[in-house]
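Structure 1 and structure 2, given next as structure tokens, are two forms of the same protein chain, each shown alone.
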Structure 1
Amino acid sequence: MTASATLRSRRRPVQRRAQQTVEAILDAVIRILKRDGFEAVTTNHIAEVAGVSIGSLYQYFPDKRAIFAALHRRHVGEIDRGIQTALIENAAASLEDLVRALVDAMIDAHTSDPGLHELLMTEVPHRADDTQEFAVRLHGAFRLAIAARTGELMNVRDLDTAAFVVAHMVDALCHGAALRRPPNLGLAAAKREIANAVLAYLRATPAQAA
């Protein structure tokens, strides 16, 4: 078995009861992390807090690393759904309204439980390719948004370059707003300033090549 394969569930939870078992296991990890810290996360402790047998846990996950990977994927999935919802609900909106909606969705996903997000970023090991896959999807979302609204921009630049810059701006600034915002900066103001920064970049005249 390859290293990457061990990070996937042993068995896909198809039936509702199986899905509930997997969710209970992932929720148990969060409770243990918040209450007792990372060192207390063992498969036996997870099974106990989840209310399942250790055998049931191993039906779905070969080890802790697979559980951590699943927890991270669930978190990324929640962010993905927020972004897709913002894209759908603002399909006919102006560039400004869509950018603000996407920034709202990103920050809301990270601030719904900031303590959990901090734990996921600092304490829970996860695979680099999960993060890379999310970066690709975020790039695609912003590329789609920009491509459909080039008529609102003073100068049409390379779409992939613009989407790359915007996606990384939003990702970094939204993480900062969720976890490292200064005390005198409210969340609404942070959202507004991030959207303003993205829009300023998109509307700026591209620098001329030397």
Structure 2
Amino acid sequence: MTASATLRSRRRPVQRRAQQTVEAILDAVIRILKRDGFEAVTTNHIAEVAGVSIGSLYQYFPDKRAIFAALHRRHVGEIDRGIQTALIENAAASLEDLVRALVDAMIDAHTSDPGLHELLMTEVPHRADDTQEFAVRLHGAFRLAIAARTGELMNVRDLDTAAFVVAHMVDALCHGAALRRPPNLGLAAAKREIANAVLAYLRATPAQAA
């Protein structure tokens, strides 16, 4: 393990530098976005802020859109990592604990840099895929979580519907809580409230047939 890591880091100093450059470029986009808005995000400006020549920038990205795509991939990846961790660590936990852990992970992801998520979602163009992919993962996470606890959740009739509702609730509420929660609602209280809302939904008596 140690050996291979050493070998890898010795063999690929180039790749490490490349990775640093890519990171610098993505960070530059965020910096510019925050400071001057999307209109100021030009490739030349990105390169300048990243401390890279415009020529180098084009060595790492085929065009401007690829930069945005990478930025979204990185961002979604970060949130996803938190979710996956919560999912694994609470594989055997109660539904309540799992939900709380997932809400925790989501809010943490949003509060480490509040506004960044919204910035990326509303200002940086992205293929529907980029966001979809994330929604699908969240959906999948909850689908698994619910499926594994059908004993506890006898009122859940349709797994997909429940996962759909819960995923959307968690996404919107965590995002909203990080950015726009009412002044008298603390972050910890918000987490509890969101988890409670989710649990209330999952435990409620199903709707009458249509």
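Structure 1 provides the reference sequence; residues are numbered from 1 along it. Note that the structure is predicted; figures quoted are calculated from it, not measured. Here, rigid core means the biggest group of C-alpha atoms that superpose within 1.5 Å across both forms.
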Given structures 1 and 2, which represents the form predicted alone? 1
Superposing on the rigid core, do we see a C-alpha displacement of 2 Å or more at K64 between structures 1 and 2? yes
